[in-house]
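Taking the form predicted alone, here's one chain by itself in structure tokens.
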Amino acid sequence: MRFLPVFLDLKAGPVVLIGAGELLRAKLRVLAAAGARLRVHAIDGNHDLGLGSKDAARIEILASDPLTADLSGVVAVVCAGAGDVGVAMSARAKAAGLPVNVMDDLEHSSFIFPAIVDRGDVVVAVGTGGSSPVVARRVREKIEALLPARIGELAEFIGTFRKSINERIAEFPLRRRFWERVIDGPIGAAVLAGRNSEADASLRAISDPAAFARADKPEGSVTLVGAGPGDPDLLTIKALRALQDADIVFHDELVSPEILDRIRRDTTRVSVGRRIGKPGIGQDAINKRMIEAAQSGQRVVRLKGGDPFVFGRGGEEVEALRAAGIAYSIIPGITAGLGAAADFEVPLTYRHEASRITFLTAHKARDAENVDWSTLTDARMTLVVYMGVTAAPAVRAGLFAAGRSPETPVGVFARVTQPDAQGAIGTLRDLPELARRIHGGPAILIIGDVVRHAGSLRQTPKQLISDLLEAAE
């Protein structure tokens, strides 16, 4: 390691910035964003640096020769696009004992700029010793994806309590345990979810911080996580973090193996879902097992296909957790209807064509028979039917009886966003046959004029009829 990562206190004095063109402006933006006071020498004479009004008070634009500038009290010298002036300035800075950076010139630099992840009070610096800034940026991007957006707020929140807690807990190891429990438990989760007032009240309610830190039994919690329609790359960053933090994951049967692979290796996995026509443990039993796991101090994830609150019984699970006094949070996922729309390029709304969407479920014929289809006949309404393949004849019959046109475009889309996704497009008249052409589920029905805009499966009515006749033979 040639360069030791350090953090400069930019309140200790000004930074001298020398250079020209876009390179100068780029460094100016970085330093201004960090709150630096700047003395800027634009050696090309262009002083239009695009400064905002909030930065003007901290930035002094100088027309004087930087090689004769006063360096007393200066924190650092930075040269960007300064050419020979940068080399000469480097010698001046080193002679004065000041850290200096000459952009893309390691020989004349005593420090380098890392790739920075900025989360307020949390700052991560990534460097490659100046050998490859592009590699550093790629590493930074991965770290950006892993860090919670509010991690800086969490650090700031802890900072407001740190002195008072430290005064009440003398032993350093116990003090560390206290903060670990706060950060990793419901209080930290509340801050990361933006519920700062709740976190503040919870921390203030801890009457004996030392006893809290010594508690053998950690506080358990449950996180309801939407796994999306199947593609693991569609998991949210927050969902990935929850899967990595979990002690136990109760997952649906239809959550793809690729998504299950994102769970931490030593986490207990429990399948609690079921496929249509096969027995399952039942919702009450799932609720009971989640609550028991949380009460034992475990961090529980309930991993559900799609989104927990779109035909996922997430509401029922939240009610059970509330009744049991279990701390919980919810991480949404991409619901299968949106996954199907994106996968097969079916816009669920379309100007002048479809201005409303209705999501409904009909995984059994009797469910379809109980739907009030008379409210779903507007040609400007797109219907997205979940688990509707087995009930396709009843769906068609209900819409026919209500007066929806037999020529209404329909798409049946299975295993959306996954490599083996399938789709069949036709008209409402042909819906049962389209459903039969799909091999295996789960599947989504999209009904409405928007289906005409499907991408790779777009076909003319004549082609559709021909395909259907061939399939019937």
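Treat the numbers as computed from the prediction; the structure is a model and nothing was measured. Residue indices: 1-based, along the sequence shown.
Same protein, other form: the form predicted in complex with a small molecule, not shown, and the subject of what follows.
Student: Even though the small molecule is not shown here, does residue 43 get within 4.5 Å of it in the predicted bound form, heavy atoms only?
Tutor: Taking the distances in the predicted bound form, the answer for residue 43 is no, it never comes within 4.5 Å of the small molecule.
Student: May I ask you to state whether residue 312 is within 4.5 Å of the small molecule in the predicted bound form, using heavy atom distances?
Tutor: Although the small molecule is absent here, residue 312 would touch it in the predicted bound form, with heavy atoms inside 4.5 Å.
Student: Please run the contact check for residue 418 against the small molecule in the predicted bound form: heavy atoms, 4.5 angstroms, yes or no?
Tutor: Yes.
Student: Does any heavy atom of residue 336 come within 4.5 Å of a heavy atom of the small molecule in the predicted bound form?
Tutor: Flag for residue 336 set to yes.
Student: Under a 4.5 angstroms heavy atom criterion, identify the one residue in 414, 38, 49, 428 near the small molecule in the predicted bound form.
Tutor: If I apply the 4.5 Å criterion carefully, the residue I get is 414.
Student: May I ask you to choose, among 321, 155, 254, 240, the residue with a heavy atom within 4.5 Å of the small molecule in the predicted bound form?
Tutor: The residue from 321, 155, 254, 240 that makes the contact is 254.
Student: Just one of 78-86, 328-336, 395-403, 134-142 has heavy atoms within 4.5 Å of the small molecule in the predicted bound form; which?
Tutor: Going by heavy atoms within 4.5 Å, the stretch is 328-336.
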